[in-house]
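Okay, here we've got a single chain as structure tokens, the form predicted on its own, with questions on binding and movement later.
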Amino acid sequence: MEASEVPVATVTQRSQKSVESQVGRIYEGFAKLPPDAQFRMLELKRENHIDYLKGGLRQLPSSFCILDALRPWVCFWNLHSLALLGESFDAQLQNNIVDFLCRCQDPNGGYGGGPGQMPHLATTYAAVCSLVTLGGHKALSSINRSEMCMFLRQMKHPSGGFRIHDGGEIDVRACYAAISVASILNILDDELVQNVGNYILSCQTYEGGISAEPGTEAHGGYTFCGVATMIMINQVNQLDLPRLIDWLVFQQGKECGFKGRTNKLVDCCYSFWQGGTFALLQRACSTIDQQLVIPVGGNTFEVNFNDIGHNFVKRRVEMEPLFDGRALQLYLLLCSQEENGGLKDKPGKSRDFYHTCYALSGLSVSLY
């Protein structure tokens, strides 16, 4: 570079500066307020969020037609958010949702993005989680478990991973969806588990995070999916956990929220994808300590086959939080929360059901 040339900032650098500036102004304004006004700003607008979410379950405007293939996800995002807020569901709404998801269920197993659409592991996960959230005989008995098992086996790939749909991509997200659904429905068996751990191990990158597929970039969403899947198949001790934590802790930015990838912008949804991973790893302290002494490739860790899934989550928390939960709460409540209900990615963005769901999930993780 010649002395007269001025370095030009990249698009990402300019965006980062813009976000930092917007968030900084919010925090500076908050710091100048009297205590009673600060208290009001930090209040979760529970009733407004409930109204926003229930409205999304009853009727969506025509602009949502772009999400036609994600309709079970809209059910899940809104139902899960309402459950986190401690809100109950009236009988008519429950019946309508169950009836709709029944129409999304393929006769040969799995759920599509809408009635008549091909079954897809991601929307299958969303539909099953929605029905379990609703609970009750009608919701739970509507799931065709025998055909579901066949569908999951059809999506299984020789690599150990799963295809997200017939002819679709193979990635860690599909592994998580398949193993989660099988675990929830009590149909998880050796055939479904075979080589899944090896596939996920191949996706752990040099940074320590987990990528969508081998050879790609570490990502917060796929990291959560990979870690949670390894817990469900009782192989989390095979991951390089110290390196994974090293990567995770640096994803909480100066804005106080989390970003999903190295050198990317903060996004409230990663308060769950990254924060939830921390919550899981807090229960694996003994394994992490062992790995700091013993090289991961030559480990001889004891395996307890009763310590998977729900039993793992019930395990005593073995270490202090590894991220700044109070700072994360500030970001979510001051920078993501909309006064009239719903939460958004970051200042300058619009609220939506996806970010509302995972911001509330992240808030729950940081509080509890």
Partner chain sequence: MDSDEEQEWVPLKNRPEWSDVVPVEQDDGPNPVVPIAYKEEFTETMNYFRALYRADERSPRALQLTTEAIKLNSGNYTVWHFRRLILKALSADLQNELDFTEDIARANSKNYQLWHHRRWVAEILGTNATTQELEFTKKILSHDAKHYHAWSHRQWVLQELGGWEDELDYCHELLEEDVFNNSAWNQRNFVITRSPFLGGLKAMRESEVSYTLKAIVAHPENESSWRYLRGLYKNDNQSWMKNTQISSVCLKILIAKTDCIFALSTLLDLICHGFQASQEFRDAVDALRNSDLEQAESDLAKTICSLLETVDPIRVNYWKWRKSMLCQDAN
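Computed from a prediction, not measured in an experiment: that's the story for all the values here. In this text, the rigid core denotes the largest set of C-alpha atoms whose superposition between the two forms falls within 1.5 Å. Positions refer to the first chain, counted from 1.
A second form of this protein, the form predicted together with its partner chain, is not displayed here; the remarks below concern that form.
Residue contact with its partner chain in the model of the complex: residue 280 places no heavy atom within 4.5 Å of it. Its partner chain is not drawn, but in the model of the complex it has a heavy atom within 4.5 Å of residue 261.
In the model of the complex, residue 66 approaches its partner chain with a heavy atom inside 4.5 Å. Using a 4.5 angstroms limit between non-hydrogen atoms, residue 115 touches its partner chain in the model of the complex. Contact annotation for the candidate site: 12, 222 and 246 all lie close to its partner chain in the model of the complex (heavy atom within 4.5 Å). When you look in the model of the complex, the only residue of 129, 149, 74, 139 with a non-hydrogen atom within 4.5 Å of its partner chain is 74. Out of the listed residues 322, 33, 42, 50, 322 is the one that sits within 4.5 Å of its partner chain in the model of the complex by at least one heavy atom. Contact with its partner chain in the model of the complex, judged as any non-hydrogen atom within 4.5 angstroms, is confined among 140-148, 180-188, 207-215, 154-162 to 207-215. Shown without its partner, the chain has 92, 93, 96, 97, 99, 100 in segment 87-102 as residues with a non-hydrogen atom within 4.5 angstroms of its partner chain in the model of the complex. After superposition on the rigid core, the Cα of residue 13 moves by 2 Å or more between the shown form and the other one.
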